[in-house]
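The chain below stands alone, shown as structure tokens; this is the form predicted on its own.
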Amino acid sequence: MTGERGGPASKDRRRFLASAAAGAAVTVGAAAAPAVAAGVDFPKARGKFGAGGSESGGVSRAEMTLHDCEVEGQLPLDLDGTFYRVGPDAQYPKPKAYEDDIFFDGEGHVSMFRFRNGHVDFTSRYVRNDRWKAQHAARRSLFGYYRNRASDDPSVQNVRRGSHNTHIWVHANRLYALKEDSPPALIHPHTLETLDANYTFGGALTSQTFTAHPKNDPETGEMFAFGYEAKGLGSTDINVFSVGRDGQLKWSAWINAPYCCMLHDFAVTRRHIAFLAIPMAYSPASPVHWAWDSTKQPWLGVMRRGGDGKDIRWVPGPMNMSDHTMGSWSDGDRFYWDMDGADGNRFPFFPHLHDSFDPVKGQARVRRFSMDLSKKRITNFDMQVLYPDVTGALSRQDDRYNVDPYRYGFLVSNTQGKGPGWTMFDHQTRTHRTYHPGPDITLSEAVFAPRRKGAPEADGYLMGMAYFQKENRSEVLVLDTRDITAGPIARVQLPFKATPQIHGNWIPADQLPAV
């Protein structure tokens, strides 16, 4: 007999409760059955929204504070900063009619690991936005399918649906929780308290939406961002803008995409800003907003940074679904953009309009897009697969090089069938090295932390969350980038399975306000 969640002990408890309930029914005889309230009960079937609930690790729902986490190994004393994470964590199960909704629709749950003097403190909190507050008060789910207002409960028809579950970003001493269908939520960087659930930069943000992937320019101090479907769901409008080091909106331009599609990420260089339109397109026929439309052409659009957007050039190119930037730069009029991407749809949970999901075409690799803007006529953009032997997702870089030429990149990968790992690429030598954690361990996105202020590119630490599936617990692994194949130099241990994650960020202490 064990006390593990979902083990024999919990099953025995369920049998005991069932027997007790049956006995009670016999005892009361013909008395009227008591009214039964609808409690919180997530569906058990795999693939359903929040499947299995907390028992299976399908959701967390627990807001935690853990002072002084257990640490195995030795943390560098100069590792001073915070590792922030965010992901969808279902607050309540969906009504039966919507329980096949996709996991992307969970409520935003932010967590942080504060590293200081060899110690780590952990905190996690839900983003208390309009959506969370409405459901909290009602004690049930009120929002139907992903990005589908028509499926919502009538009581929340005028409530913002933004979940803020996709990325976490810092600029001008402010911490933002982001979801690309709504304005940012402003979060307290030390307590994770929600300060403003719909932050619009003092009303200066006119776009209805804000990207999950801003870019910071370390030289000018600007944060570049954009909103797509900026004038309403289904619109082709894109608002691209920058926010100065003082936190105020500085520059803004409006452009239009070739069609309404998922524009999850973008590229910013010293000279250019670029967008990639892909066939994951808006479809009224899809209950979850998006559908893969293989009849549509991918388009690469490049515009001058800081301009009015009228010079943007949309150029068609090879079929692909690429959605995360590893790095981008400009060399004169030549524009380059590295992303992880596949030949077809990467997300089988979104419907196909004209074909079916192909798992082979859905495998992503690092791709390099380029365009020579000195040419008056451009018929196609160029696309090159850089490392054919490595598949993966969630590409990252040393964020100090967001707008400049860069040498190193990182990926959650699968190299030659060896299972999940973190791969570090050296584009100068076209080589890569991979850390594999072993069987029954899955990895979230890895983030880079510089060894010290002013350290050379990618000189520091790679860290991210590892999930131990059989043990239902998690650890933050810290690797030295001088040799990631040597494995973790330290493991920050949690006595439970961490909240889900889509993206995260490492923020040095000197970029955060004083406590």
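Everything numeric in this text was worked out from a predicted model, so none of it was measured. Numbers for residues come from their place in the sequence shown, where the first is 1.
Here the subject shifts to the form predicted in complex with another copy of the chain, a form of this protein not shown in this document.
Looking at 436-444, 404-412, 131-139, 292-300, which one sits within 4.5 Å of another copy of the chain in the model of the complex if you count heavy atoms only? Every other range fails; the passing one is 131-139.
Using heavy atoms and a 4.5 Å limit, would one call residue 92 a contact residue for another copy of the chain in the model of the complex? Yes, residue 92 sits close enough to another copy of the chain in the model of the complex that at least one of its heavy atoms falls within 4.5 Å.
Is residue 66 near another copy of the chain? Define near as a heavy atom within 4.5 Å, in the model of the complex. Judged by the heavy-atom cut-off of 4.5 Å, residue 66 is in contact with another copy of the chain in the model of the complex.
Mark residue 461 yes when one of its heavy atoms lies within 4.5 Å of a heavy atom of another copy of the chain in the model of the complex, and no otherwise. Residue 461: no, not in contact with another copy of the chain in the model of the complex.
is_contact(residue 118, another copy of the chain) in the model of the complex, heavy atom dist at most 4.5 Å: Close contact exists here: in the model of the complex, residue 118 approaches another copy of the chain to within 4.5 Å, heavy atoms only.
Could you run down 45-68 and flag each residue that has a heavy atom within 4.5 Å of another copy of the chain in the model of the complex? In sequence order, 52, 53, 54, 55, 59, 60, 61, 62, 63, 64, 65, 66, 67, 68 come within 4.5 Å of the partner.
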